[in-house]
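Shown next as structure tokens: one chain only, the form predicted alone.
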Amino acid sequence: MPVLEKNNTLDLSKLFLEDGERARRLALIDGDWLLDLSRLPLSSAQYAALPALALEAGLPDAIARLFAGATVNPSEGRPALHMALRAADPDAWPGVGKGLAADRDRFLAVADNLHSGRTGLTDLIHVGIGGSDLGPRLVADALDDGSAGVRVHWLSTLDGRRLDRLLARLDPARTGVVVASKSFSTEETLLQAAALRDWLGVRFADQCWAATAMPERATAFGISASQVLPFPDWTGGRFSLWSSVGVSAAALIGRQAFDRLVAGAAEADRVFSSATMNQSLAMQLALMIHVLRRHLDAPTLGVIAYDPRLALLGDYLQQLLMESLGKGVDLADQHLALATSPLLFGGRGTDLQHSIFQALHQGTDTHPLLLVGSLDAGHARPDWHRVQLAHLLAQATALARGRDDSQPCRRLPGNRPVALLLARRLDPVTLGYLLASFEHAVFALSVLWNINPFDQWGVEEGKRLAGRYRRQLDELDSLDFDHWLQLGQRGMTEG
């Protein structure tokens, strides 16, 4: 029996009036995180029934297989071993072999030298895209306390203007580079790395580090072998924060803080692999998204940060969820009749209140939201932080409860699903716990939906076609609209 009918229309205000303990009853406290689902159109009985869905889907056995190193990526015949990257003893993890601990110590030693200023470098340019950028940049933005001896600049998209402006204010004698690319063949990354190689000249070999699973390609590119920070080729891009891809974030926040981030993630691994089906943050996040997507037919999910330190969380989760769960066939390669990944969007809460929130409150479409914040300010202006928290609660109330008015233009329909995710405090441990919990939520959803969350063949096809178009564009002396239309026509008819 389904937990909910499609397009469920339970009245949220009525549910709160009928149950004076609803806010507590539909909330989970897991360590230093609170997930409040009381503003979703669920009765208490329906909420209590959700974990049964996971049991029926065989999630406990799937979790056991994941942590045992079994093949959970059938299209590529691979296990998913990224949890080993944050284990206390990574070399003891099933199926990984030896060397992970040494690799982790090596890149963290580099980060420590950069953080302390011992390298003499004042600036570090991190070049990477997708998983080689989003996770480390989120961690750096959330946890930077201003104590590092090096500034970190992030380059992902090919933007010649931005690169030129950046280099104009940096000293090549005091600037290092990290090139983060699993394959060391990512076009956007290598084009920017080549420009930086030209800019640094003879300094490049010794002032550039490569975070990669292909060391030989990095050395062929001109990076000294001693500067290559390897990680295993089984590391998925969107799970690579925990590998040497995180070296620039660790350089900014310090080795000790990065160690605590990893420890928080490892604790989330322990809880997810051992907790009952309704007692982990990961499981509750998965069930929340499952309800919104499969039972309420909501095609979108907004992840809105009311703590500026988490402003990039929505960007990070776009890749994690949409690249993992954006699939149209099941594990038997049969087409799915039911929905999979929502389209995620995000940003800073009080900024978005002045742009998109009008449509969220009174528009004709419903877009569920996850509002994220922290009870502790983490800075010396607590009054500013209380303003953020007041707005978080106000938006949650207005979205869910609505507002009656005799003038239709002033009326808010309410009943817009909104969940709250609050940290007791935001620090390296709690952030690591959150990010690993979202990773496990994605895996739990993949089991509920019977899909493979570890491949991304759509992305690969886009890269293949881009290479072909690049060769065709290079053959042209100039480009005009007629050429453009011809390329488009040919692309739609060629194999």
Ligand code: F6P
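Residue positions are given as counts along the sequence shown, with the first one as 1. Everything quoted here is computed from the prediction, not taken from an experiment.
What follows is about the form predicted together with the ligand, which we do not show.
S.K.: Using heavy atoms and a 4.5 Å limit, would one call Q395 a contact residue for the ligand in the predicted bound form?
M.R.: No, Q395 sits far enough from the ligand in the predicted bound form that none of its heavy atoms falls within 4.5 Å.
S.K.: According to a 4.5 angstroms non-hydrogen atom cut-off, is Q284 in contact with the ligand in the predicted bound form?
M.R.: Heavy-atom contact with the ligand at 4.5 Å: absent for Q284.
S.K.: If you check in the predicted bound form, is Q353 within 4.5 Å of the ligand, heavy atoms only?
M.R.: Because no heavy atom of Q353 falls inside 4.5 Å of the ligand in the predicted bound form, the answer is no.
S.K.: Taking any heavy atom pair closer than or equal to 4.5 Å as contact, tell me whether A466 reaches the ligand in the predicted bound form.
M.R.: No.
S.K.: Among the candidate residues T186, S374, T340, T175, which is the single one with a non-hydrogen atom no more than 4.5 Å from the ligand in the predicted bound form?
M.R.: None of the others qualify; the residue that does is T186.
S.K.: Only one of M322, A298, V96, I129 comes within 4.5 Å of the ligand in the predicted bound form by heavy atoms, so just point that one out.
M.R.: Exactly one listed residue reaches within 4.5 Å, namely I129.
S.K.: Tell me which stretch of 268-276, 309-317, 131-139, 250-258 has a heavy atom within 4.5 angstroms of the ligand in the predicted bound form.
M.R.: Residues of 131-139 come within 4.5 Å of the partner.
S.K.: Determine the residues of 212-241 with a heavy atom within 4.5 Å of the ligand in the predicted bound form and present them in sequence order; the list may be empty.
M.R.: Heavy-atom contacts to the ligand in the predicted bound form: G237, R238.
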